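Shown next as structure tokens: one chain only, the form predicted alone.
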């Protein structure tokens, strides 16, 4: 019996330690979990800070290289990265689109002037690319500050619910942050991005046809396809710009009052998990993202002229939208061109006039 006593003592010690650990975990499990999540958020936050700093450095280097300013642009870049926009009050929705449009126009004008001062020797297309580069840096800075806010707030209060909220959505936010980080190279080098698929489709349809300016930073040209007159509009490239597609569509419909039989918009669209990058979908309505001002203008113009709206969407993930264009998306633009032509043949007849608008950022995409 004495030989079994040491084993019994070891078993009792292990059982006591297990019971003690269980009691500690019972009372401190939530705190331990919170500390673990905070540690993971902190590691991610350091990575985001590095990407934010890289964006700032890239912007400064690009401005010095292309714009050749007489003074150090660092203070101006830092001020730009803290820029914000306040949306109009929406308690009374009447006229809110016009108010938002006015604010966006002021924001656009301000950014243009800021870049003009920072890079006085840059070409117009290069200034557009610098502006996009600065906006990507601004977005990275906002992401960093918001995540840092919730991290510090969670650390200060040790509130598990605050910590869990930011911890749960962090992987999705990180996807967007990495995409904006990739965009730095695209805008610096003037490379097409995922959002450029709409303008690429428009450029392929134009196929070198002569274009003219129809709205701010928007051009349009005409081709003949199967006995139909096709007007194609896109943002003016190859500088990074989305232009004013709402104004372009409105102006073109007014010019051709009573002649246009259908409107087709082509744009990038978010894909669901399980869908392939570059999948094409056809639908109805105005395919255009953003704050909604330009979409409102397109819908209003189409309604006034009683023109049916068709849409072609090129599917892509959040990580592709502002990142350099990948091969599946470039190949998808050929499929989208075929879709546009198919819609024209299916829903119009010979002698009709069709308006096609390629929506998106036209960086690296000429006419």
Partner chain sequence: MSGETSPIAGGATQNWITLAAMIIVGALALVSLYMGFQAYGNEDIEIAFMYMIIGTSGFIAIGYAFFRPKPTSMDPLKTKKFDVITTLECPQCNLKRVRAFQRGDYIYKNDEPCTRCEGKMIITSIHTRKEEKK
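The model shown is predicted, which means the values in this text are computed figures rather than measured ones. Residue numbers count along the first chain shown, from 1.
Below: the form predicted in complex with its partner chain, not depicted.
- Contact with its partner chain in the model of the complex, defined as a heavy atom within 4.5 Å, holds for exactly one of 60, 309, 38, 318, namely 38.
- Checking 215, 147, 81, 191 for any heavy atom within 4.5 Å of its partner chain in the model of the complex turns up a single hit: 191.
- In the model of the complex, its partner chain sits within 4.5 Å of a heavy atom belonging to residue 327.
- Residue 296 falls outside the set of residues with a heavy atom inside 4.5 Å of its partner chain in the model of the complex.
- Among residues of the shown chain, residue 203 is one whose heavy atoms approach its partner chain to within 4.5 Å in the model of the complex.
- Proximity of residue 335 to its partner chain in the model of the complex: non-hydrogen atoms within 4.5 Å are absent; the residue sits far from the partner.
- Here the chain stands alone, but in the model of the complex its contact with its partner chain, taken as any heavy atom within 4.5 Å, falls in 41-49 among 309-317, 296-304, 338-346, 41-49.
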